[in-house]
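What follows is a single chain, given as C-alpha cells, in the form predicted alone.
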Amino acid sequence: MTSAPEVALEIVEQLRESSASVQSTIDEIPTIWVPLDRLATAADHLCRRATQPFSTLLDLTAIDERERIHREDQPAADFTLVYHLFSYERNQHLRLKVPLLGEYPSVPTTTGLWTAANWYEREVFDMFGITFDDHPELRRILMPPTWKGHPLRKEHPARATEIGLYEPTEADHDKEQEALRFNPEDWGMERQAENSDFLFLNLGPQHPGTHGVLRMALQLDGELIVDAIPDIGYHHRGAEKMAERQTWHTYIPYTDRIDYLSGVQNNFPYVLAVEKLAGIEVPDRAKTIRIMMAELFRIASHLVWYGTFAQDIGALSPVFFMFVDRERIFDIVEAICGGRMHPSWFRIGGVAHDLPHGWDRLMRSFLDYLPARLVEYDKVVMQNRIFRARTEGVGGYTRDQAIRWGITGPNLRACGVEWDFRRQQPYGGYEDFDFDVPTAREGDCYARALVRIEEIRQSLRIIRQCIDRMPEGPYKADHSLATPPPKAATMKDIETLIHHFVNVSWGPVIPHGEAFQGIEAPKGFTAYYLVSDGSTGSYRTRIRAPSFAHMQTVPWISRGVFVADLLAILGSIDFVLADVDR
C-alpha cells in the first residue's frame, strides 16, 4: 500500500488544483483539503476519473470548529465537512475535507456521485444545520421534524439540566400531533397512478420483523411493494454528543450500546483510535486476548442473527436453540470479563484485567460443542425447502451496486467480493492468524446467510489459535496515558501521587490530532473518527456504523417484491437499531 503522503500528493496533482492542500495526520490516512467552490470538481474526479477511483463513500460527517484551539496548518473554518472515501482497487482510505465559513453554510450535494451520500447528507443537515443544495430529499433523519436546533453544534445543550423545564402548551401538543400525520408527498411518494389508488401501510415502529423500533412506510399495489421508506431515529440517544462530555476512558461503556449484540467488538475500534492518538503500543498478550474475545462476540452476534432470521421466515425452533448457545458464550464472557452482554472490558492500552484461571478449559469446551450444533442447524434451516424458497433470489444486489452503496462486511462478501479488513488491512494483531474469507456469488438473502454461517466456523478457528498460542506477558501497555503508576510508588514522591490521582480521576490527556480506525465488525465496517484538542475528552467523536449504510439500501432492493419478502430482506441484512440511530 502506497504511503499516505505519496497518495495525497498524487491525487492533488491529478486534480490540477493549486488551491488543494495536504494535511499530515497521526492515523496516516491521506487527507486533502479542497475549497468549497472546488468540491464538486474534486469529488467527481475522485469518484469517477481518478486512476483506481474511490468508488465508496464510507462516511460523511462534519466538525464544529468554532471552539477548537489546535488547528495548526489548517484552513480557516467555522465548520469542516469530512468525507471518508475508500478504493477497493487501491486498498486505500482517503479523507477529503472542506472548510466552511458562516453560521449555516451550504454545499453542493454529492448524491449524483456516491449513492450512499443521501442519508449521510441528511444526517449532517440534521445534526449541524449544513444545507446540501439540490439534495433530492433534504429533511431531518434522526431527530423529530419539530426539533429545534442541531444537536452536534457546540451551542446545543448536551443534557436536560442545561435547559429549562419543558412545559408544553395545548398549541404545542396540537403541533406535535399534526407532525405525526402521514402525508405521502412529504415522503416522496405519490398518492395514485392513472388508473388505480395505492394502499399506504405502516410496518412498525413496533413489529417483530423490524428487529427493534423501526418504522417502514410501505406503498402497496395489492401485496406488491411500490415504495418503502424507512423512518429511523426512534432509538437515537445522542451517542456522539455524549462523547463530548465524557473522558476518554469513561466513554468506553457507551460504545457497548451501539451494536449492543456485539459486546467488545464495539470497544475495539474506539480504543484502537485512542491508542493511535496517544502513540500507545499494545503488548502481544493483550492483542491476542482482544482478538479471542472479539471473535467470541462475533459468534454471539451471528447466532442471534441466525435464529431471528429463521424466525422471520417462519421457523420458530431455531431461535430458542441458538439463544441457548449464546447463553453458553455469555457464561464464558462473564467468567472472563465479569459482565455478559455489555462487558465494557477493553481498555486504552489493553484489557481490564488478565485471564482468570481455567479460561482455556471454558473456551475449549465451547469449541468442541458448537460445530455439531452448526451441522444440525444447517439441516433444520439452510436445507429447509421453505426457507430456501423464501430467500433465494430475493433482495439481491451486484458487486458494483454494493460498493456504490457503501455496503460492507458479510453483505458485501455475499456478492462475491473477497474483502475482509482483518485480512486486507490487519489491525490489532490479526496479521498473525490464519483464516479464510467466506464469500457467495448471488448477493441475495440466502447468500448473506451462507456467508455469516461460515464466518462462525472461521471465528472458531481463530479462537482455537488464540488458545494454542496465547503469549505470556502483560495484559496492558506500560504507558503513562494508559496505566497509572503502581499504588506503592505513590507513597515515595508527590509527583507520582499527583500523576496517579489525575490519571484515575480525570483520565489521560490525549495529544491533539485526529484518528480514524475501523474494524471488521460482525455487521460490517465499524469505525471511530476521533478529534482530540489536547484535553481529557474528545472534541468530536464520529461513529461510522454499518447498519446505517445498510438500512439505506432497503427501499432500493424492496421495490416490486411482496410484503412477506420485505421481512426476509430485513432479517438477512442483520442490522441493529442502536447501530442505525446511535
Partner chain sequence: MSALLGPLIPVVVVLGLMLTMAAFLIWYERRLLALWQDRYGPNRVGPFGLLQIVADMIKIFFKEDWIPPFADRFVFVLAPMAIMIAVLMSFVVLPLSPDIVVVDSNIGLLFILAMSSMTVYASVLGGWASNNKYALLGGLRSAAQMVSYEVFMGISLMGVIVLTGSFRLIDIVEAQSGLWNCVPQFFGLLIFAVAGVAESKRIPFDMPEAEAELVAGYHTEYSGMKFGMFFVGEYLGVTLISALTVILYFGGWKGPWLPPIVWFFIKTFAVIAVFILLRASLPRPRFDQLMDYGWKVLLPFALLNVLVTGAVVLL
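What you see is a predicted model, and the numbers here were worked out from it, not measured in a lab. Positions refer to the first chain, counted from 1.
Unshown form predicted in complex with its partner chain; subsequent notes refer to it.
The contact with its partner chain in the predicted complex, taken as any heavy atom within 4.5 Å, belongs to 207 out of 340, 207, 153, 457.
Taking a 4.5 Å heavy atom cutoff to its partner chain in the predicted complex, the contact residue among 223, 331, 89, 162 is 223.
For the marked spot (250, 255 and 270), a heavy atom within 4.5 Å of its partner chain in the predicted complex is absent from each of the three residues. Only one segment in the set 101-109, 355-363, 198-206, 458-466 has residues whose heavy atoms sit within 4.5 Å of its partner chain in the predicted complex; it is 198-206. Of the heavy atoms in residue 386, some are within 4.5 Å of its partner chain in the predicted complex.
With a 4.5 Å cutoff on heavy atoms, residue 564 counts as touching its partner chain in the predicted complex. Although the partner is absent from this view, residue 147 stays clear of its partner chain in the predicted complex, with no non-hydrogen atom inside 4.5 angstroms.
Among heavy atoms of residue 444, none comes within 4.5 Å of its partner chain in the predicted complex. In sequence order, 311, 312, 313, 314, 315, 316, 317, 320, 321 are the residues of 311-337 having a heavy atom within 4.5 Å of its partner chain in the predicted complex; the partner itself is omitted from this view.
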